[in-house]
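Let's start with one chain on its own, the form predicted on its own, as structure tokens.
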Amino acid sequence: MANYEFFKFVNQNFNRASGYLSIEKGLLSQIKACNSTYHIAFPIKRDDGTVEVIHGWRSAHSSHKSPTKGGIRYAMQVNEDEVNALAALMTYKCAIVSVPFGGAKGGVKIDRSKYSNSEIERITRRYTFELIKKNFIGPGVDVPAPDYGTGEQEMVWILDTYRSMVDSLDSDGCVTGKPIHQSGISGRTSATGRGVYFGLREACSMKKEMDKLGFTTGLEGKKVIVQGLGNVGYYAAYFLREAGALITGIAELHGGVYDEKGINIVKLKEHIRETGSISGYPDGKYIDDSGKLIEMNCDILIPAALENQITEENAPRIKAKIIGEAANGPLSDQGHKIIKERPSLIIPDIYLNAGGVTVSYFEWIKNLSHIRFGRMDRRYEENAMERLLEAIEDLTGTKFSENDLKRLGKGPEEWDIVDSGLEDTMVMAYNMMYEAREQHKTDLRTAAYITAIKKIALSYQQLGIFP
């Protein structure tokens, strides 16, 4: 992992896709390059009084759209190559789902399990302070979000630090992934996993594709193994199970659980929360080698952890016919080539995990407009529906039950609107990507990059920078 050149892998995919397009080389070079990367080194005082120097990065890959957008991760794997690669993926991801942001990414090189909550707060606030000093954050500049190792709490600290230094009516829009009571949005926590579900549901609804794999259409009965039960993996598994899929395996860093009859994902999550470990879970078989678990029998494999998990070494042993990349870059270039040579369907990361940035976009719009979705029209729609139902009763002589009236006459809450927008985004983007694949006779990953490059190139041309 230490020698893995993630950005090189992203650019290989870019180069492969650009070969299908007639776009001027200078423009392709501009699209591919990272505009700027900021490396920060700052001291923090530990709880025991010692001082430690912390390293962090923020990369803005493309400003063809403003602001730039991307998460902040806390992990020991964080380095400049990784944030550049992830920023590039964000650029292409936003283009695929038609979200008007450029790509960015940030990271702090720490093992957060070795720091207290107060130390994490000090690191987060100082990191934010450094970004503010160099104008690397702001609702119209660059808008961070949660990523691996961060969550709502870190986003609140970022917002509070920004507010204390910048006097702006739109300060709430400087970061997304906030709690609801801190100008967040309904559905953001589950958004990436929910998007994974919508993407897999759309892919599995296509009879032509399922026939190639020897599957029936739909998710019901399909066996799923998920690698990583963080926020993304949990919600992807939860919604897939709700749709009738069997979650037969959950692989975590230090082991996992396998059960052919299906795992109750909510019960497993509660066990991990109570005990701090996946081991000791009473249902299913404990597998101490999580690497072996992802090689076990299943129909769908969802890598939802970190990059470079399926490589030339283990790809020949992967049995899943559908791989849904919930994480960023979980398949190496060689791993991808090996798996795509057999009957398989690889749904790429730059499409499948775009649910998070899609709902972050909705949150950003909410923050700038200073009004929650549904506030202006929910009651109006309820009253209009009530009048319509009364008219139907008068015309037909049929009386609706009280429960039916409540169900049919309910106006949309914020979550309903957000979820509808997310579903529409993921469905439309999949079909656009699928059409590009059929047109160019290539795989879905290359088709996704083709789709993204064409959109970004058009943006640059409209700016008048390139002919």
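All values reported here derive from a predicted model rather than from experimental measurement. Residue numbers here begin at 1 and follow the sequence given.
In what follows, reference is made to the form predicted together with a small molecule, a form of this protein that is not presented.
- Every residue of the trio D147, A251 and N328 has some heavy atom no more than 4.5 Å from the small molecule in the model of the complex.
- Note on the partner interface in the model of the complex: the residue among K222, R73, H336, R194 having a heavy atom within 4.5 angstroms of the small molecule is R73.
- The partner is absent here, but in the model of the complex a heavy atom of A305, alone among A305, L159, I263, V108, sits within 4.5 Å of the small molecule.
- Though the partner is left out of this view, Q227 does reach within 4.5 Å of the small molecule in the model of the complex, counting heavy atoms only.
- Remark: Q309 counts among the residues lining the small molecule in the model of the complex, judged by a heavy atom distance of 4.5 Å or less.
- For L293, no non-hydrogen atom is located within 4.5 Å of the small molecule in the model of the complex, even though that partner is not displayed.
- Using a 4.5 angstroms threshold between heavy atoms, T358 stays clear of the small molecule in the model of the complex.
- Judged by heavy atoms within 4.5 Å of the small molecule in the model of the complex, the contact stretch among the candidates 230-238, 274-282, 94-102, 393-401 is 230-238.
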